[in-house]
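One chain is shown next in structure tokens, namely the form predicted on its own.
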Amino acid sequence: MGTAVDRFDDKARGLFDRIGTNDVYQGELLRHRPYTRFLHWMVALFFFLALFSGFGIYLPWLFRWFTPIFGGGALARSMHPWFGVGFCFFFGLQVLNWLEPMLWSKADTEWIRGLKNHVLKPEKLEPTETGFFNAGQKVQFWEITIGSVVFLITGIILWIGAGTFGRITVAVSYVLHDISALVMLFGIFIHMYLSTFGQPGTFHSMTRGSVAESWAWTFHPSWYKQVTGRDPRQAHEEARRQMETGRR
């Protein structure tokens, strides 16, 4: 990550640390600081504002009940591109914030190769090399990054119109814009499932910023070892033995 980006990110984190809170209790680890959580929720807010206003514009026969939320069809049409700009702006900041931990590694390649086993295995323990983000999360992050670039470029073309870019370019942009939105929506549904039912305790990291140590050694063991210095498998076994002792 570049020095200028590092300085900007450090200043932003410092500012939000002063005005936000990190509530970490016994048995928990700090996962996401206030700045990261702020970016996450702003990205989510503007994504769904752009999505709902866009549905009302492009499929009014099916989603016309969305437009009154934004004050009617005309106002929804005028607000939609600004929602898109807000989404791309905050996601751009999130890219800078997460660029380093989202870089691909050899462990991620191995994770992808063993994806079938991760999904089908009875235990939820991730491979010991899994760091702050696993390969699946990284794939989704870069999918949304690419989708956001397509979103922004095609959105600008549609916003300015055929008078500047020509009818064919605008027609192609409509298709790419819609496909990009649907792909990202599909990714968001997966993200919402994994952050709630798929990996219980994940949602907590984006509200208070902390996660249980058991969550950390289960889903991100390499990160757990990095921040605690403890072996994640040993911690898991100790907790399992304590639970079995308590049941007797």
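All residue numbers refer to positions in the sequence shown, first residue = 1. What you see is a predicted model, and the numbers here were worked out from it, not measured in a lab.
Below, we turn to the form predicted together with protoporphyrin IX containing FE, even though it does not appear here.
- Figure note: of the listed segments 175-183, 22-30, 190-198, 64-72, the one touching protoporphyrin IX containing FE in the model of the complex, with heavy atoms no more than 4.5 Å away, is 190-198.
- For the chain shown alone, residue 216 is not a contact residue for protoporphyrin IX containing FE in the model of the complex, no non-hydrogen atom being within 4.5 angstroms.
- Taking the partner from the other structure, protoporphyrin IX containing FE in the model of the complex has a heavy atom within 4.5 Å of a heavy atom of residue 205.
- When contacts are judged by a 4.5 Å heavy atom cut-off, residue 48 counts as touching protoporphyrin IX containing FE in the model of the complex.
- In the model of the complex, none of the heavy atoms of residue 212 sits within 4.5 Å of a heavy atom of protoporphyrin IX containing FE.
- Screening 85, 157, 125, 102 for any heavy atom within 4.5 Å of protoporphyrin IX containing FE in the model of the complex leaves a single hit, 102.
- For the stretch 133-171, the set of residues having any non-hydrogen atom within 4.5 angstroms of protoporphyrin IX containing FE in the model of the complex comprises 133, 137, 140, 141, 144, in sequence order.
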